[in-house]
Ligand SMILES: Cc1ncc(COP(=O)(O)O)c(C=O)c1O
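Starting off, we have a lone chain in the form predicted alone, written out as structure tokens.
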């Protein structure tokens, strides 16, 4: 009996860990992808476009053409990252002091792109299940100065695009889709990034395609395409692609250097060959973990509408404290000690409650961009403005899996489920943990 009791001791108390299976490393590069970079370096000896994407040609143009073809959009621009793509999109539609509606529940760069373009962020709340912008909250925040809506497909979960597109069209807003965490996600069978005026993707080292540092912007109209080029591309590219005479008059070297690195573009182009396979594994592993944890108290998956098909970048869960009678910190400490790859809130403090917004202070100085708004002095960001997002961050957020979880992870998932059952079978002892 003593031996059996010892075997059940929680790892946080010195017992054995439940999770010993290796956790997948990301990014994981295949030999042929590494060889592609080498080949492109060699081609760079004789072809400038394989070392620099300032002009046309080479892997950058090939990447743009492939993504445009696969997403069935006419225009694509390869950028230095997802943040630059978002900044370019905001510069294409915002002037200093214009309002743009955003989510408080995301990586901060989703909102900093608005600030960088001189816009004033206005925060709408999120839907508790999809964790994306709630259309009702968005509609309530629109004013005559609202010019854009930045929608994040959080964790790979598509937002309610039918409703958000309708709102944008009704109020003549530019709709920008932040697809940094959602490459391959589908809304009603159609890829995200193709519903709005701009779709922005990240190919950074932590994303579903990990090509070092790179990004992509897609759009459906030549007017948007040319505005994007003027904001962040080299004059050599702009003289080749900008057609409108009025726009051509503005071609200059007074730009943001937001073009993609040619070597990253070549790596991304090769990695796209296995995006569908990797996303299939992510979906399978996310589903497998949800099945294994069904009925485990204290945790539940997000209840998504049937028309959403995420290509998971990370898998958010909801902590249900009333089912276990322990704090989230205690629950996490016990699970992490067991070796479970789990964390609390990815967002942390909701964006509208961070110092930049509480003090209305940015790199512009002198109160800008709020000083450019006729009512900027009265704009305030308060606790309680976005109650769903605020409660989520403070009490409910749990995050597992992610972009790395590709391949057959059955053993890892089995051990994670065993760890949860071990912890929830010993809640009295978990309550004694100093969180």
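Numbering follows the first chain given and starts at 1. Since we're looking at a predicted model, the values are computed, not measured.
What comes next is about the form predicted together with the ligand, which is not displayed.
Looking at residue 214, you'd find a heavy atom of it within 4.5 angstroms of the ligand in the predicted complex. Looking at residue 146, you'd find every heavy atom of it more than 4.5 angstroms from the ligand in the predicted complex. Contact check for residue 202: a non-hydrogen atom falls within 4.5 Å of the ligand in the predicted complex. With a 4.5 Å cutoff on heavy atoms, residue 207 counts as touching the ligand in the predicted complex. Between 92-100, 293-301, 135-143, 174-182, the stretch whose residues reach within 4.5 angstroms of the ligand in the predicted complex through a non-hydrogen atom is 174-182. Only one of 192, 265, 86, 334 lies close to the ligand in the predicted complex, with a heavy atom inside 4.5 Å, and it is 86. Checked against the ligand in the predicted complex, the candidates 311, 218, 260, 152 yield a single residue with a heavy atom inside 4.5 Å, and that residue is 152.
Within 4.5 Å of the ligand in the predicted complex, a heavy atom is found for all three of 81, 106 and 109.
Residues are counted as partner-facing when one of their heavy atoms sits within 4.5 Å of the ligand in the predicted complex; in 332-362 only 346 qualifies.
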